[in-house]
Every structure is written in C-alpha cells, then in structure tokens.
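A lone chain, given as structure tokens: the form predicted on its own.
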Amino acid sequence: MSSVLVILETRSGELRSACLETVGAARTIADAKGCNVVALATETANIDAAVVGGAGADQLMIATADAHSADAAATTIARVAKEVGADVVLLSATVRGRDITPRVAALLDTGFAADCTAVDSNTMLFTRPICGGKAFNNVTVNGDVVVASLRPNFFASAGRDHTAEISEVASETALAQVVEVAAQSGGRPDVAESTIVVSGGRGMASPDNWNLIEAIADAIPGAGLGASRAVVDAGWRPHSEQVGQTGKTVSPELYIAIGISGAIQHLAGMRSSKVIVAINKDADAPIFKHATYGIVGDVFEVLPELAAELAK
C-alpha cells in the first residue's frame, strides 16, 4: 500500500509549527489517494503524537540521530520512503527544508517541486510563485516518487482528533552534522513562519528607534519582526529578519509595513500576505498601491498611539 511521507523539522528538540501545515497538506493528498500519512522526524525530539496525529498523520516515526545532518537526514528519508512505500514525500520550505529537498529527490532518482503554495491532490499539480511573486508556475514531477516542499502559511493542519502510532527508526550515519545553532535571542518566531509580521524600513531613521517597532510586536501575541534590505545592509537589524527578494519570503495573515517605501525587491518577499497595513509619511509611496489599509503619517507620531491602542 502506498503512503504519503511528510518530514518533520525540529529545532532544539521541539517541533516547528510549519511542519503541522505540511502534515495537513499530506492528509488532503492521502485522502484523495486512499492511503496513510507517515510523519518522520529525522532526529530525536520531544514530539506529541496527539498533536501530529491531529494535524493529519497516521504514523509518527522518530529517528535516533542526536543532531541534525543534511546528508544523514536525506539518506534516512530516502530509505524510509522506500520502506513505507511512499509515492509522495513532502517537506516544509524552510531553510533546512530547502537544503534537504533536492538531496532526497536525487537519492530517490526523481524530480521535485520547490516552495509550493498550492497542490491539486487529485492531479498532483503543484503551484509555485515565480518572478518575485508576479506569476505562478504549475509543476508536475516526473518520477515514481513525487517530492515537494511547501511554503509556510499556505496550508492548514487537518484539525482532527487522532493520536498517531509512534515508533523509532534508525538514522543513517552522518558525514557531517550541526553541533550548534546560534539563534537570535528574544523568543520571537521565525519571520518566515509568523502569522503576523511587523516590519520596519529606513523611515525609522535610526536603529535607536526600533523600540517603537518592538512595542507594536509586543502588543500582538506571536508577532515576528521583519526588516527591509536597506535596514539590514545598514547593520540595524540581523539578516535573519530581512524580508524581500534577497531575504525571506513571508505569507502572514497580517503584514504591517512601517517606514517602508515598497520597492519591488521588498514586495517580492511579502506581496502574498493576506492583509497588508502600510504606515508611511509619503502618500505616494509604492507600498500603498499594494496595501489593504494605509496610514499616511509620521511613524514617530503614529506608532506610540497605535501601541497604546493595541495595549488596551
């Protein structure tokens, strides 16, 4: 019997939320194909089988690796895919997922569809944005196994009442492994996976004013912080927060662009946001052409008032 294999990504032993969306997409495909969903964590982690089962998985496999290795993970995935008879392998289009996806496809002697935002579960036709999100490409994978990575915030967990059957699988030997991840402190979610993003640009005038951006994010639970390329290039914010063509692509439910003019390179990274709120003193700024709501005003006057209202 065939199955859909979905890869779970963990960080510091904890499951990343974007993976549950991928599990939900796998469930939709499996229902159309009449098969099971097998979730595989490529390293030892603290994973709740009820959470993964509720997202859509029938089985949960946890590998024995103590640390992440792209080579070992890909080899383990390819081996397990053959063992469970998977004809579809799905990964989240995170930084790590993008690293592993082509490796898995090569080991399975097949092609792959990368960074997809939609999939037809009956025809296995994948849709992915191209040209900075201005156009979409429909992709089918030629091969016995379909491998694809799915962009966060475009799919949903199955939301069912089910506990996955849990088991342990052996990991392949690692040629190299990640021994430490130096993450930005602060406890905020990765901007690429956040459902709400508060982003700032050169209109903030100085890094000393970034506390105004943080006050807005602090008032909205679960909000991530973003920044334009100009801000990152100036050294105001870390590259991990950069949104745009040369940064991260985000698709949140709400994107708040503060002091960002809306250059095409920035729009390429956030134009798929469900709701865009722009705050800029220049009424002719390009960002307003793409914004759902716009506030024309000085950010140093608007932000304190907005933060006060949100705090209520």
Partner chain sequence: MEIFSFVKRVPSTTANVEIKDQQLDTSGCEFEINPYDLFAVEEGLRQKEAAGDGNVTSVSFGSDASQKDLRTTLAMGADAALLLRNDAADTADAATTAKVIAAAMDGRSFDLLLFGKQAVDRDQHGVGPGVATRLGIPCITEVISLTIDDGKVTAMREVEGATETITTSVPCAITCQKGLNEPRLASLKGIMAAKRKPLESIDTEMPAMALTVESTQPPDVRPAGRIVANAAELVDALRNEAKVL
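Bear in mind that the values here come from a model prediction, so they are computed numbers and not experimental data. Here, rigid core means the biggest group of C-alpha atoms that superpose within 1.5 Å across both forms. Numbering follows the first chain given and starts at 1.
One more form of this protein, predicted together with its partner chain, exists but is not displayed; see below.
Not one of 48, 82 and 167 comes within 4.5 Å of its partner chain in the model of the complex, counting any heavy atom.
Residue-level contacts in the model of the complex: of 110, 209, 163, 121, one residue has a heavy atom within 4.5 Å of its partner chain, and it is 110. Residue in contact with its partner chain in the model of the complex (any heavy atom within 4.5 Å), chosen from 204, 225, 114, 72: 114. Residue contact with its partner chain in the model of the complex: residue 242 places a heavy atom within 4.5 Å of it. None of the heavy atoms of residue 214 is located within 4.5 Å of its partner chain in the model of the complex. Contact annotation for residue 66: none of its heavy atoms lies within 4.5 Å of its partner chain in the model of the complex. Shown alone here, residue 138 lies within 4.5 Å of its partner chain in the model of the complex, counting heavy atoms only. Contacts with its partner chain in the model of the complex, taken as any heavy atom within 4.5 Å, map within 246-268 to 246, 247, 253, 254, 264, 265. With the core held fixed, the Cα of residue 291 is displaced between the shown form and the other one by less than 2 Å. Core-superposed comparison between the shown form and the other one: the C-alpha position of residue 240 differs by no less than 2 Å. Once the rigid core is overlaid between the shown form and the other one, residue 42 does not reach a Cα shift of 2 Å, moving by less than that.
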